[in-house]
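Only one chain is included here, represented as structure tokens and corresponding to the form predicted alone.
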Amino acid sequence: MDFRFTEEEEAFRKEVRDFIQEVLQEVLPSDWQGVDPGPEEEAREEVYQLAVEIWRKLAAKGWIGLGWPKEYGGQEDLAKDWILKEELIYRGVPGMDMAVVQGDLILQFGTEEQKRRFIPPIAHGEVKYAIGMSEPNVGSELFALQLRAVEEADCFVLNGQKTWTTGFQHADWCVLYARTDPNAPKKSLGISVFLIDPKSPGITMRQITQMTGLAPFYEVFYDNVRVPKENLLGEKNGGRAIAMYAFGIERSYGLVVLHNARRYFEQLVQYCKETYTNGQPLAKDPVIRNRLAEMAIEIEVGRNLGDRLNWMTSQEILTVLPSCQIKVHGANVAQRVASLGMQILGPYGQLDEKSKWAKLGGRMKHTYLSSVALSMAGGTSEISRNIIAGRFGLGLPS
């Protein structure tokens, strides 16, 4: 494995950094502290509007779906795609969207007609996507889902409920997992996947407010919702393969979390250098120095895990194991950085950005609260550890 980037790729990194600097000057407020990646903070309307504008700027440069085939608007360059994501996340720029992840699924499992219908609008920055996986009684064990899809002459009729559907209020499409064969010999063999319009008749939703005070998630109710047959992704009852592919992508989100945690960590290091107590900078306190050094090691370990994951992806090697490894590691690092930040800031860490006494823009409170869910979202860390221990990793019996 050679983790070095080529001269062309490093030139692209500089281009991305120049673009971000331009965005920071033209679009984002002068006191911008950055936001977490993905649609959660887009529950703030002002952040959502910024994300839409930046998403369109990325599309104008041809930077959405950089790893996709050229015939669908991509550049067939995975390395540039990784560079773009890393730089945007590290700088806290909004606009990262799960539409690209769902585009990967459509490219992998969709018909040619579906690819030409659904992929170009993503590449052009025209649409947003949500994911309908979890249900009130179904979290990590997706194949126990109950939402039914009954086939009729010209459509499938959906009835049931989903929960924790992120960004549903802004979505143009939702990739929905439903049960199409309740009598299948194995639960995983009776699942199908659909591309649905969130504005279809029979769909209602209810916000779920998090302890951060934001409401990015929704309970979504499906009451006789009719989905055209051409919106079936893959084969009927073939959802298991799609789900496993999606899990590999979603669990690699741990790398996204690590890039985000690195920004908070470096802000914390700078704060310790500049903040004095009893005439000495906090950075001279031996306990704080050791804790920061330990976190620096953990972040660097995560970045190397990420480089390995990206290399394996480029070589089309199965990434189930490294995706689970970085999912667990990324969640742990993010939670530990947030906890360390709260300890160093003390009572100031409890203040949000509206307080004139807040430190680091009041972001540490937010990241501390939001990081709690990282070891549960996208499949619990326990599930990932089971996979690491099992046939994809240590070969331990279940």
Partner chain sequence: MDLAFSEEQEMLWKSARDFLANKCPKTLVREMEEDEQGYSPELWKEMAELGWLGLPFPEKYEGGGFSFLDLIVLLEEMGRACLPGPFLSTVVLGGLPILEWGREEQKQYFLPKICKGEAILTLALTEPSARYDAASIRTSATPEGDDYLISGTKLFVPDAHIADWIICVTRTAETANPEEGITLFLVDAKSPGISTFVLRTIAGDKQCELTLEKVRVPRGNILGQLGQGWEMVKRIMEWAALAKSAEMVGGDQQVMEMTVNYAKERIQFDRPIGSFQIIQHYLADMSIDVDSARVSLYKAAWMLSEGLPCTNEISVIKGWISEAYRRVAAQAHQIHGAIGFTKDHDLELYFRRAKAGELFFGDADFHREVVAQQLGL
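Rigid core (definition): largest C-alpha set, two forms, superposition within 1.5 Å. Since we're looking at a predicted model, the values are computed, not measured. Residue numbers count along the first chain shown, from 1.
Beyond the structure shown, there is the form predicted together with its partner chain, which is absent from this document and is the topic of what follows.
Note on the interface: of 81-89, 314-322, 210-218, 124-132, the segment with non-hydrogen atoms within 4.5 angstroms of its partner chain in the predicted bound form is 210-218. Among heavy atoms of Tyr348, some come within 4.5 Å of its partner chain in the predicted bound form.
Under a 4.5 angstroms non-hydrogen atom cutoff, its partner chain in the predicted bound form has Asn278 among its neighbouring residues.
When contacts are judged by a 4.5 Å heavy atom cut-off, Ala241 does not count as touching its partner chain in the predicted bound form. The closest non-hydrogen atom of Gly139 lies within 4.5 Å of its partner chain in the predicted bound form. Heavy atoms of every residue among Ser339, Ser370 and Thr380 are located within 4.5 Å of its partner chain in the predicted bound form. Note on the partner interface in the predicted bound form: the residue among Lys187, Arg117, Arg308, Lys236 having a heavy atom within 4.5 angstroms of its partner chain is Lys187.
Only one of the listed residues (Tyr253, Trp164, Phe265, Trp173) places a non-hydrogen atom within 4.5 angstroms of its partner chain in the predicted bound form, and that residue is Trp164. Gly330: CA moves less than 2 Å between the shown form and the other one after rigid-core fitting. In the predicted bound form, the Cα-Cα separation between Ala59 and Pro39 grows by 3 Å or more relative to the displayed conformation.
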